[in-house]
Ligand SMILES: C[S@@+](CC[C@H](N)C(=O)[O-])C[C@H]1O[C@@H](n2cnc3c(N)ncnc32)[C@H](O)[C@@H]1O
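Single chain ahead, by itself, as structure tokens, in the form predicted on its own.
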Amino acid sequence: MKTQDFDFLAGLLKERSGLMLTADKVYLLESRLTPLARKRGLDTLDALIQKLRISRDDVLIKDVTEAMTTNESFFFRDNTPFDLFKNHVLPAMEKARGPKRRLRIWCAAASTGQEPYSLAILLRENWAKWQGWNIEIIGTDICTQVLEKAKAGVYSQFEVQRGLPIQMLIKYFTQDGDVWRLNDEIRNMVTYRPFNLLSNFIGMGSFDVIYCRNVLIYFDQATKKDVLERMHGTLAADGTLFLGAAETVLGITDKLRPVRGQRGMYVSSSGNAEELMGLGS
């Protein structure tokens, strides 16, 4: 690939999604965009790039952006963020939100839905406590294709074997030939919508818990700071943010701080979330 073509695509992807591509990722562009070029009736990747340069076709740009988005996900991924949610966040929220009986959770970059559904299952496992509560779990992603799969709640044998305990599989899924269908009681707990993290967060409302895991690693420092500080603006003062194990707020923003000894868990620097959760500051 010509240097100028790589620079053009990299610039386009950063502008539209925040995704940062380095020169060693040429193979990734070629492997993901060549099939898209053929699907659009173009003989080569060069022809696709030329069409992008000339037309600035928004639908094509959207397809390119979605093709380059990483959509790896599985149930209860990494365990720790879900154990912390179950053992510390939910008890704290039950106490703090008891009077209003409302809980809002946002899973950013929700991909094919395993993360928000994992949280819904944890809530359902102790459902007697949450009867009468208004619980919203919102899953967003820039890629509409993966959101359609998430809404359907249908997963392959391979997908349900990745992280999902067998007792939960039997309890919350129904086998249908070669696939497993998530029961409506869990599927209906999650609302999905397309959303770009570079977009304005106005209209999202306030959240008690935010999961934004394994997304920031694809952004440059300035974009990370922008996204984190706008997320802080949507996070309740006593709310909790979960990032991926390889991500951090340190050196990026002072509006959020890590919870000592709890990997991937962050709270507002001016709030009292740690005290509510019984975790040391």
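If you're wondering where the values come from, they're calculated on a predicted model, not measured in any experiment. All residue numbers are counted from 1 along the displayed sequence.
Keep in mind the form predicted together with this ligand is missing from the figure; the text below concerns it.
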Does this ligand get within 4.5 angstroms of any non-hydrogen atom of residue 232 in the predicted complex? no
Is residue 150 close enough to this ligand in the predicted complex to count, meaning some heavy atom within 4.5 Å? no
This ligand contact at residue 161 in the predicted complex, heavy atom, 4.5 Å: no
Is residue 73 near this ligand? Define near as a heavy atom within 4.5 Å, in the predicted complex. yes
Have a look at 125 to 133, 97 to 105, 164 to 172, 191 to 199 and name the one stretch with heavy atoms inside 4.5 Å of this ligand in the predicted complex. 191 to 199
Using a 4.5 Å cut on heavy atoms, which of 204, 209, 92, 143 is close to this ligand in the predicted complex? 143
So which residues in 194 to 232, when you check this ligand in the predicted complex, have a heavy atom no farther than 4.5 Å from it? 195, 196, 197, 198, 213, 214, 215, 218, 219
